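This document opens with one chain alone, in structure tokens, the form predicted on its own.
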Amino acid sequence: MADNREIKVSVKNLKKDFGDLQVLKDINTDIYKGEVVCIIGPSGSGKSTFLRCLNKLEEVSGGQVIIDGHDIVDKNTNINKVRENIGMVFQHFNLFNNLNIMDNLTLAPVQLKKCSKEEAVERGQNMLKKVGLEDKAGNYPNQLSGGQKQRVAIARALCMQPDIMLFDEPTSALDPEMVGEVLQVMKDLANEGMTMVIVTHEMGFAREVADRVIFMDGGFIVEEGTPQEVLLNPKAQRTIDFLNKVL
């Protein structure tokens, strides 16, 4: 089935060491256009490091990460050019507290994409509307709830009009009642066909939204498949043990 689908991200023999510590040992996977991939696993299994290698926030120790045909491990690849098409949403929002919400949204498009301030503001308004916060453009981050900040962070990433969105545990810093509003925005994006790679602890979300679930442990991909296969009928004992603890 995968033959005629466009590969957006191809990971081959990916390794990542921090000094003597091998965090990623040999990761191989392809992510297809429009696919939603949820990465699950225990703390310290390498999930976030793997995600950060996909836009070179972490220097790769070995292997290849090919995004839209560009090997970002290759020193000759202009990583900033590749990154323009990759949106990243972090656990702790990473908003600029000294800028209001609209300025947070327009900063990168104006500086990097060379789009006019007017265009950027119009795009910012559209994206705030998309995440249900069109009335917050003049507010500052400290005036928003955690869930609202994370929705702003998603809107900010979308203002760069990325092809791929990476989410690093986007709900783990939120109060439980805020989680739903952020997951809803992500569900809407999935329904629109955005290619998404999501490190998450939200098993219900993974079951509902993911096309594929990757279970990582000890720097390896232990098991991957549909949510049905991995979450409901896991084959590896390690996956079974993990799910017994979290489900």
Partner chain sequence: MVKIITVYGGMLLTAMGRTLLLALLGLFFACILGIVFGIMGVVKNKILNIISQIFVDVIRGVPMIVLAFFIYFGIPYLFNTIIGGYSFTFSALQAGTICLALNCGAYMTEIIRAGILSVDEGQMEAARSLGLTYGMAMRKVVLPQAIKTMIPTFINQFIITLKDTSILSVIGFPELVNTAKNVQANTFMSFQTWAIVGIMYLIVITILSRSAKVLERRLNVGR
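Keep in mind that what you see is a predicted model, and the values were worked out from it rather than measured. Residue numbers count along the first chain shown, from 1.
Not on display, but discussed next: the form predicted in complex with the partner chain.
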Let me know the one among 145, 172, 126, 80 whose heavy atoms come within 4.5 Å of the partner chain in the predicted bound form, would you?
80
71, 84, 119, 134 - the one with a heavy atom within 4.5 Å of the partner chain in the predicted bound form:
84
Stretch in contact, per heavy atom within 4.5 angstroms of the partner chain in the predicted bound form, of 204-212, 175-183, 53-61, 37-45
53-61
The partner chain is absent from this chain, but in the predicted bound form, do 94, 98 and 107 each have a non-hydrogen atom within 4.5 Å of it?
yes
According to a 4.5 angstroms non-hydrogen atom cut-off, is residue 88 in contact with the partner chain in the predicted bound form?
yes
Can you tell me whether residue 152 touches the partner chain? I mean in the predicted bound form, with a 4.5 angstroms heavy atom cut-off.
no
